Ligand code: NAD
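Okay, so here's just one chain, in structure tokens, the form predicted alone.
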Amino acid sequence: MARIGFIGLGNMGLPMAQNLLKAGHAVQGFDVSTAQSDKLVGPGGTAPGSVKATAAGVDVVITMLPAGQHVRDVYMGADGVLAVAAPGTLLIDSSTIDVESARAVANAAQGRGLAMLDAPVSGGVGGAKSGTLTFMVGGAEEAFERARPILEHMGKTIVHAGGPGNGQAAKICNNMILGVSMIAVSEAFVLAEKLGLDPQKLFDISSKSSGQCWSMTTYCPVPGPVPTSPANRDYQAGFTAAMMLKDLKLAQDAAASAGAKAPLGADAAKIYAQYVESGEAGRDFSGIIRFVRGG
């Protein structure tokens, strides 16, 4: 079993780290919230109290952080991971960040002789808790094969997307599809309501027809058709509207940088920005149907 340092024990990072503990790994963790770190100690982990101490003396460092600047600081800061990691340490960043930052940190790690992977996830808090996340991994093939046995304790689907930054590229492209499709599904259900079509009937038809998509069949934004969807829990967040907006903005930044056109992605970002600004940042992103409906 591996010695693992896990930095970032939030809603996603904590259950991921706990799953590694359950698998028998020795996990030491750090979070800016001491209360979160303590939740790792209870099941048998340790909490050294700093990034520097957490990254020292381990085989693998995993990070789950809010944004690109946090990742740069944690890895490239004076007392960051790159400054203290022992030769041969495998570095895995599972944050969702901009491609440029992911590649910059990977290049800095390479300069230190360390293997670095960007491995953002899909599956939300539910997937983190159940260990069924999808990992989209960018980096060298050899590093990917080293990481696979670790990632398999946290996820069900592990895909090597290519070189450094490609994991982030896959994540933001995937979530742009998700953001756009959730709005489309929400608009369809609202239109159905206005036309007097029962939502269950629309679901029964579209979920088996050309309108079928994940936003329809797994995360349906109206209560009833999919009992496990947040719509049945007043849109209690599995993946917040604020997080979706973050990913849509990352996709737009990447599109601008690459010279790609993504008008539907841009429109989705504007709609989610309005939804977040209305006070619903912490609501599940599928609650966008309320905004589409007008309340």
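Note that residue numbering follows the sequence shown and begins at 1. For clarity, every value in this text was computed on a predicted model and none was experimentally measured.
Another form exists, predicted together with the named molecule; not displayed. Remarks below refer to it.
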Which of 41 to 49, 256 to 264, 240 to 248, 227 to 235 lines the interface with the named molecule in the predicted complex (heavy atom within 4.5 Å): 240 to 248
Tell me, out of 101, 89, 186, 95, which residue has a non-hydrogen atom within 4.5 angstroms of the named molecule in the predicted complex. 95
I need to confirm a contact call. Of 162, 80, 124, 199, which residue comes within 4.5 Å of the named molecule in the predicted complex, counting heavy atoms only? 124
Going by a heavy atom distance of 4.5 Å, is residue 74 a contact of the named molecule in the predicted complex? yes
Applying a 4.5 Å heavy atom distance criterion, does residue 252 contact the named molecule in the predicted complex? no
Does the named molecule get within 4.5 angstroms of any non-hydrogen atom of residue 20 in the predicted complex? no
Residue 13 versus the named molecule, in the predicted complex: is there a non-hydrogen atom within 4.5 Å? yes
Can you tell me which bits of 143 to 174 touch the named molecule in the predicted complex, meaning any heavy atom within 4.5 Å? 171
